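First, one chain by itself in structure tokens, the form predicted alone.
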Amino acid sequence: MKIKAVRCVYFSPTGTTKTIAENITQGISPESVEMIDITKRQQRNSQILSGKDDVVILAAPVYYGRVPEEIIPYLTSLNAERTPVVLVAVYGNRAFEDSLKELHDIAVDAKMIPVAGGAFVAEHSYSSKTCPIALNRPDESDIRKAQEFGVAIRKKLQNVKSLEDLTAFTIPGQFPYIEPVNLNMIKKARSVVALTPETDISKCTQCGQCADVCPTGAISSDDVTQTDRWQCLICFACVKICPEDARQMNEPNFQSAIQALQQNCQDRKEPEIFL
């Protein structure tokens, strides 16, 4: 099979999933590339992704062991029937659990043809200078492995005359998918506690970068100290981008959970690929 184009659909609030997806695409080395950023709601337009000699990449971070709820309606609306698809989950060195399996099932339901899957590690969204979790990943080793994964995908597809000749591969995970217990707890607690990053007004310069980067528009562009608790994904994009370190999650229980996560995620995990 010839690979003419890669259409890469990615959700990447903090930029690491985009980095992995770009390097997989580079390894595939198609004639043309279309990067389709669905991080912000207004960017999610209905698209027909299928085309002769095309490959689709679906790339998403792992939230609570699953594909982010925020993008599932969009992913299930995609039109890419009979198109080869590469599934990519990016997680913060804890576990990718059922996320890759869930991406696989979404793709199959959309009548795409899964040809490969990969779980890659990136700096955890909750990582910070004082509580580092997979700090500065993806690093050079991760980037190289992402590119090598792309090369392996290209070789696999070049060696088949038609999609019907593709060999089956197994994606880890289970169904029913893991219950996102901590996410459900957060949703329940928000009736009483905001559970969103807060703004230290003594540091904030009102530059607006936090509002600009927020995937859901939860941060008011008129007053960045105001965050809609029901729209906030706790993706920490606002925390990561703030040049003054003015955005922080100060809720004590959440801080304790981050510290426990840091203690439990010290051993380096490596990318896992499935071909």
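Start at 1 and count along the sequence shown; that's the residue number. Just so it is clear, the structure is predicted and the values come from calculations on it, not from any experiment.
Form predicted together with a small molecule: not shown, discussed below.
Residue 30 falls outside the set of residues with a heavy atom inside 4.5 Å of the small molecule in the predicted bound form. Looking at residue 92, you'd find a heavy atom of it within 4.5 angstroms of the small molecule in the predicted bound form. Among residues of the shown chain, residue 233 is one whose heavy atoms approach the small molecule to within 4.5 Å in the predicted bound form. Although the partner is absent from this view, residue 122 contacts the small molecule in the predicted bound form, with a non-hydrogen atom inside 4.5 angstroms.
Residues of just one listed stretch (141 to 149, 157 to 165, 94 to 102, 193 to 201) have heavy atoms within 4.5 Å of the small molecule in the predicted bound form: 94 to 102.
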